[in-house]
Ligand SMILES: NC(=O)c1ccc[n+]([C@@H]2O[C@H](COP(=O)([O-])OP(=O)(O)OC[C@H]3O[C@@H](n4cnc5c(N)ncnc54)[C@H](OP(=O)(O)O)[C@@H]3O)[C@@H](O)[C@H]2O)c1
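Consider the single chain below, provided in structure tokens and representing the form predicted alone.
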């Protein structure tokens, strides 16, 4: 069985989005390399130029991920990824109110209304032996609080945003010990991976 992991581009002061959900400054590193990577959503292709190290990270992520758990806010901000997530995997959305236009048999989205444990369990069932990704700050915090998160990946961007959406704000739990498993520098970003010690 795979692991449950979260991954984010983050500013040095801990923000995963700027004011008004602006992600531009945090993803600039995805155009600073010399290796082409193409991600496809339902309505368009996203062309990236990343370093060889970053391209290897993307390739590993795409091959290892079998499903993603997302919150409704992330689902809405992303515009349902145009109907297809860039990693081309099923998405389990934790929400109080499933959007009826996406509740259909052929939908790539499964909506869960009874808590984070059920959402992660459903994603694990869908993913099989592959990993489950966790998307969104609130969902990541819920997974940490429930002891469901195994790994955290941070693409640390050398910028101080000063405001926006913080990843680890208001955890409300005892300190969580982490073990660093990877540090890799690339143009405009440092890739960091941590194992959550349980």
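Numbering follows the first chain given and starts at 1. The shown structure was predicted, so the numbers you read here are calculated from the model rather than taken from an experiment.
In what follows, reference is made to the form predicted in complex with the named molecule, a form of this protein that is not presented.
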Indicate whether the named molecule has at least one heavy atom within 4.5 Å of a heavy atom of residue 113 in the predicted bound form. yes
Is there any non-hydrogen atom of residue 77 lying within 4.5 Å of the named molecule in the predicted bound form? yes
Consider residue 139 of the chain shown here, and say whether it contacts the named molecule in the predicted bound form, taking contact as heavy atoms within 4.5 Å. yes
Interface membership of residue 84, the named molecule in the predicted bound form, 4.5 Å heavy atom rule: no
With the partner absent here, would 54, 178 and 195 each sit within 4.5 Å of the named molecule in the predicted bound form, counting heavy atoms only? no
Region of this chain that lies against the named molecule in the predicted bound form, out of 168-176, 56-64, 139-147, 125-133 [heavy atom, 4.5 Å]: 139-147
Those residues of 78-113 with a non-hydrogen atom no more than 4.5 Å from the named molecule in the predicted bound form are 94, 95, 96, 97, 113
